[in-house]
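Starting off, we have a lone chain in the form predicted on its own, written out as structure tokens.
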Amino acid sequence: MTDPRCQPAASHFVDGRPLEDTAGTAFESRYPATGEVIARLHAATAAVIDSALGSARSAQAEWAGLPPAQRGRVLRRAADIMRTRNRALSELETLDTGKPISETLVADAASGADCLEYFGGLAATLTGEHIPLGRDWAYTRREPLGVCLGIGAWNYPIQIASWKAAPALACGNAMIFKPSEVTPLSALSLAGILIEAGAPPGLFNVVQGMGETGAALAAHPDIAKVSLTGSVPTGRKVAGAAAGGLRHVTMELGGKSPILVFDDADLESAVEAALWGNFYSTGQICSNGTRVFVQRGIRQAFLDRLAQRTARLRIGDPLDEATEIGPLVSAAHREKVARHVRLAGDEGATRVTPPLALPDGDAWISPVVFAGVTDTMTLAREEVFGPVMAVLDFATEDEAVARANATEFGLAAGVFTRDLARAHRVVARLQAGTCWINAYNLTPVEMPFGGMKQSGFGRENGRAAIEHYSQLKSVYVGMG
């Protein structure tokens, strides 16, 4: 049966209100901890998509005509509303994703509110430039793109929706957002909050569906820009669909990110970073540092301390604030992760941590650390997207950098050392779009986030995001 905390008034949110069309394909949202169905929804029909596009076009014209400071006030009011409802939004996110409430209280709606507030403050600062040319002169205008499409992933539903909506709306665009069909619920709450904050109906529409819904929207001529968070295979498909219409594209895709731990690193800090850089969100984070390179002088001490910390992880009821590790998002995903665990053992990696006691349910899996991993093993090459850590050792700085870069991915990287000259030198050589020194996986909204190589292109957050949700118009003024 459905959960009254989760079942939305309708599957979609279009033109400022809930919208249902039961002709669409039915699908369910399940609480991963128990497998219980918590909501039933329908995928968008052609009629729903047409309504979303039509209302978005109208709202965008109205919204772009407002003073930027007024747009900013709406975003800041939405941030305030999200913060006052953080507990309810966090519980909804936990029920939809299975992530512990201890995490969703601080990392989901709360970070979405930070994003809305930040870009709300930037809105009034998005000005052009005066260019003197002798007697003549020129100026630039920063203008919106139009109707943008956001396609979300299932690991951070409301955060991703906010990361895409906030810069898009600050620049004067409208957005149609398609959540993952696995976690469809919290984006509907964000849509309602934006209306409550004063956004015009149709400015932020939520349209549910599977891959074909995203593909239909990405190829639609009324869409000016597509922003996707997802896997590399999905990114290739969506980018291809968008390219047919020469649409702007931002792709935030997968990773196989390295953490480099040098002999002189603070051992406790490095262990904690590796632990949470692999096991936070039960390992379901694209930027996780899943290849941990440890210099041989501290390898054994690192592994010993890592095993001690892993044994103390608290696994249990996601709605209990003491819980640190919840289930994976689904039983099907659990099978994919379990296959990687089996394959790592078959290929010769050494399991450092024994299985931990797990609650009943099909989506639970024990966090695991493997040592003796080589660069050619599947565990070192493929993205697992689960709580599976690979520890590799190295001798020299040059070796560590070369091996860290020997991957098709380039999303993130971390360096742990007390030698800051070496830290900056190594970071400059790493082929990754987001790097940390003596920290890991901290993503404040003020800092641009994105990848290189197969991990995507474009940037989210920071002022850099403005470049990806707006376009410059140059105007030459002849004074003769």
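The first residue of the shown sequence is 1; numbering continues from there. Fair warning: this is a prediction, and the values are worked out from it, not measured in the lab.
Keep in mind that the form predicted together with a small molecule is not shown, yet the notes after this line are about it.
- The candidate site formed by Gly152, Met210 and Phe449 is fully in contact with the small molecule in the predicted complex, as each residue has a non-hydrogen atom within 4.5 angstroms of it.
- Out of the listed residues Thr229, Ser189, Thr407, Ser281, Thr229 is the one that sits within 4.5 Å of the small molecule in the predicted complex by at least one heavy atom.
- This chain lacks the partner; the member of Ser90, Asn173, Ser180, Gln295 within 4.5 angstroms of the small molecule in the predicted complex by a non-hydrogen atom is Ser180.
- From the list 94 to 102, 137 to 145, 154 to 162, 351 to 359, the contact stretch for the small molecule in the predicted complex under a 4.5 Å heavy atom rule is 154 to 162.
- Remark: Thr234 counts among the residues lining the small molecule in the predicted complex, judged by a heavy atom distance of 4.5 Å or less.
- Contact annotation for Glu252: at least one heavy atom lies within 4.5 Å of the small molecule in the predicted complex.
- In the predicted complex, at least one heavy atom of Phe385 sits within 4.5 Å of a heavy atom of the small molecule.
- Although the partner is absent here, Pro367 lies well away from the small molecule in the predicted complex, with no heavy atom inside 4.5 Å.
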